[in-house]
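Only one chain is shown below, in C-alpha cells, and it's the form predicted alone.
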C-alpha cells in the first residue's frame, strides 16, 4: 500500500524506496545527470547545470500534482544512498505514445537490477493503483541496456519512430499491456 504525504506516494520494494524528490536531492540528482553516459541517453545539453536539475525535480513533482504520474527519487533501502530516478512520465508532447515507465540511475549503480526492480514497481503501480491498460517506454535503438530492462519488464518493441521532441534520432516505442 503506498504511503502518501502529498500527490506523490512513497513505495518500497525489496531493495529500494521510491519517494518524492526533496530539495536536498538536487546535488545528488545533478550528479546523476552530470555523467557522460546519462547525458548521452537522455539527450542532455553540455550546459546542463544544478539549476536545471532542480527544475527537473520540480517538474516531476508538478506532474504528480497535475496528472497523478511522475518520477520518484530512488533510494537504496539498506544504505539510504541516492541512486537516481524512475517512474511514470507523461510529458506534454503531441506525439508521445502515452504514460511511459522510465529509469535513470547513476552509472555507478548500473548492472545491479535496480532499474528492473524500480520499473516493475512503477508498472505495478500503473496497472493496480492508476488502473492503466497500457504503458510505454521510449528508448534509443542503440541503448541496449535499457532495451534489456524493457524486455525483463515484459515489454515488446512496437515500432521505431522519430518524435517531435527529438527529431534527429528515432526512438524505439516499447509497450506492455496490463
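Positions refer to the first chain, counted from 1. From a predicted model like this one, the values you see are computed outputs, not experimental measurements.
Below, we turn to the form predicted together with a small molecule, even though it does not appear here.
> Looking at the partner-bound form in the predicted complex, is residue 103 within 4.5 Å of the small molecule by any heavy atom?
Residue 103 belongs to the contact set for the small molecule.
> Even though the small molecule is not shown here, does residue 114 get within 4.5 Å of it in the predicted complex, heavy atoms only?
Yes - in the predicted complex, heavy atoms of residue 114 and the small molecule come within 4.5 Å of each other.
> Is residue 146 close enough to the small molecule in the predicted complex to count, meaning some heavy atom within 4.5 Å?
Yes, residue 146 is a contact residue.
> So, in the predicted complex, is residue 15 in contact with the small molecule at a 4.5 angstroms heavy atom limit?
Judged by the heavy-atom cut-off of 4.5 Å, residue 15 is in contact with the small molecule in the predicted complex.
> Tell me, which of 138, 48, 61, 26 has a heavy atom within 4.5 angstroms of the small molecule in the predicted complex?
Filtering the options by heavy-atom distance leaves 138.
> If you check 132, 38, 57, 123 against the small molecule in the predicted complex, which one has a heavy atom within 4.5 Å?
Spelling it out, the residue with a heavy atom inside the cut-off is 38.
> Can you pick the stretch from 62-70, 106-114, 123-131, 49-57 whose heavy atoms fall within 4.5 Å of the small molecule in the predicted complex?
This holds for exactly one stretch, 106-114.
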